[in-house]
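Okay, so here's just one chain, in structure tokens, the form predicted on its own.
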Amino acid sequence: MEEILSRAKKVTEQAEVFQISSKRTPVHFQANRLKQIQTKESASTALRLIKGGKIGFSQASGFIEPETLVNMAMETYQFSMPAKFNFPSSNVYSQIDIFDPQIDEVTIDDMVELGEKLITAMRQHTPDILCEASVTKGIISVHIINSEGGEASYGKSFFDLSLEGVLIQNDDMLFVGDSQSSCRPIFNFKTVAKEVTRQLELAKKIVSISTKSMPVIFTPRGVASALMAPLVSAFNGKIVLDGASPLKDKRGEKVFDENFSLWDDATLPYQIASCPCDDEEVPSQRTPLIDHGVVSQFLYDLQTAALANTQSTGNGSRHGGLPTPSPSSLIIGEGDVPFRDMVKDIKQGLIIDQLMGAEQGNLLNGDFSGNVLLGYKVEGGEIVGRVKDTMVSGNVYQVLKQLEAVGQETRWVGGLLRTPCLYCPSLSVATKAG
């Protein structure tokens, strides 16, 4: 890395070298049986430079000659966008716990046993269920240096446990599932097993539901699958800068329900999206996006922040190319209403646990629609069974503008979102039965 930077500094005004390596071991089960065990190792090096006020970029996997990487970046800068930022100088980064050495001590036999126990627990409850499960561990190492004296390096461990189950009975297909992620090993499979068992219990009875507008409760998984994609787009600083976000002129305005708050936080201990700095050496932070209904801030990397005349929020993330604004861990603030009280309040309504296809709507406008992959009917304040052949449609901004209640209990979904249940007073529901 030092040689790459040294060579780049001779021919440019500023330069930055980013290097990431990872070792990942997934253990995968399919149709209730162990299918695959493998260890994957990868490494890549990226060079970003500023010459003549423009950005040059090159990237390579594995080993590459420093001169070759520099020449590749030099060939791109004259066709690239103007650079409106400077690389950060040396920073002091907060100590964030994201590495657990116990990850190395977890053997493949341990991971196989964990997956087998998870599937066994499911089949003891529902013998005919077909399960796919994965147990994955890994370590990531990141090192960044630049010509302005900035340098950052860290190691992160991760562990993931996930389960998806399919139960086929005649023409009915029931899909259930859950997952857990952490920077620490997860030895207790019972949390995932308990959640999937709960889904199976609630889904035993199939009931019909009417086509009309009705109250809807989004579970944490329902929030993730139905509501988050439009919000992530709307708070992306680049989309705001391009004028495509419906929130572009709304900063400081009350757009959402006063009980709804959302923030991005890359400083949480042992969360898989946490890190001491982003992929541009900007220190990580907690960024309020919605504060009691008021639009507070957007997510920026160095370039978009400079174009918007503001500061980077430490959300510059690389996805195989130049950094772009991306969220880390998104947190929706909890409310004060227990889930059971939400259910008791509904005479006839729907609980959405998993929505399929919601991202096919007009994301930038906030529209969503999709099939209810897993959902339950509420009648007379009780969950009476699972619904089939049901679709919902709505607009995220309308849903979140007036919430009936925000749930008291929160949970992580996919390791990237922590949210309570959200109770919407009215949403359009359509079924085949009509």
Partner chain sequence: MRDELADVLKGHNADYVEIRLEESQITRIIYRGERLEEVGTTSSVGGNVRALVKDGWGFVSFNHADKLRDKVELAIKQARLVGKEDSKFSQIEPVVDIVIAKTKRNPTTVPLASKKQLLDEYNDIILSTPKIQTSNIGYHDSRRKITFANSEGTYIEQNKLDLNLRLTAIATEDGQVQQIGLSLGSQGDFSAIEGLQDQVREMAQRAVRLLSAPHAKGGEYTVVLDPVLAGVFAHEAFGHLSESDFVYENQRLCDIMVLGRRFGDEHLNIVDGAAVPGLRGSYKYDDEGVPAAKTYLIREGILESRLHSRETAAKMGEMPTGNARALNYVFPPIVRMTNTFIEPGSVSLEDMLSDIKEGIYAKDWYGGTTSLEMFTFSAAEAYMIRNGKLAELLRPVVLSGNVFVTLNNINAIGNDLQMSQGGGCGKGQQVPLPVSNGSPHIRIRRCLIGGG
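Bear in mind the structure is a predicted one, so any value in this text is a computation, not a measurement. Numbering follows the first chain given and starts at 1.
One more form of this protein exists, namely the form predicted together with its partner chain; it is left out here, but the text below deals with it.
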Hey, of 173-181, 187-195, 262-270, 276-284, which bit sits against its partner chain in the predicted bound form at 4.5 Å between non-hydrogen atoms?
173-181
Which of V166, A121, A306, V343 has a heavy atom within 4.5 Å of its partner chain in the predicted bound form?
V166
Which residue among S326, S208, T76, S153 has a heavy atom within 4.5 angstroms of its partner chain in the predicted bound form?
T76
Even though its partner chain is not shown here, does D128 get within 4.5 Å of it in the predicted bound form, heavy atoms only?
yes
Heavy atom of A60 within 4.5 Å of its partner chain in the predicted bound form
yes
Using the partner position in the predicted bound form, report whether P88 sits within 4.5 Å of its partner chain, counting heavy atoms only.
no
Using the partner position in the predicted bound form, report whether Q408 sits within 4.5 Å of its partner chain, counting heavy atoms only.
no
Give a yes or no on whether every one of G320, N362 and K388 sits within 4.5 angstroms of its partner chain in the predicted bound form by heavy atom.
yes
Considering only 31-52, what residues come within 4.5 Å of its partner chain in the predicted bound form, judged by heavy atoms?
A31, R33, L34, K35, Q36, I37, Q38, T39, K40, E41, S42, A43
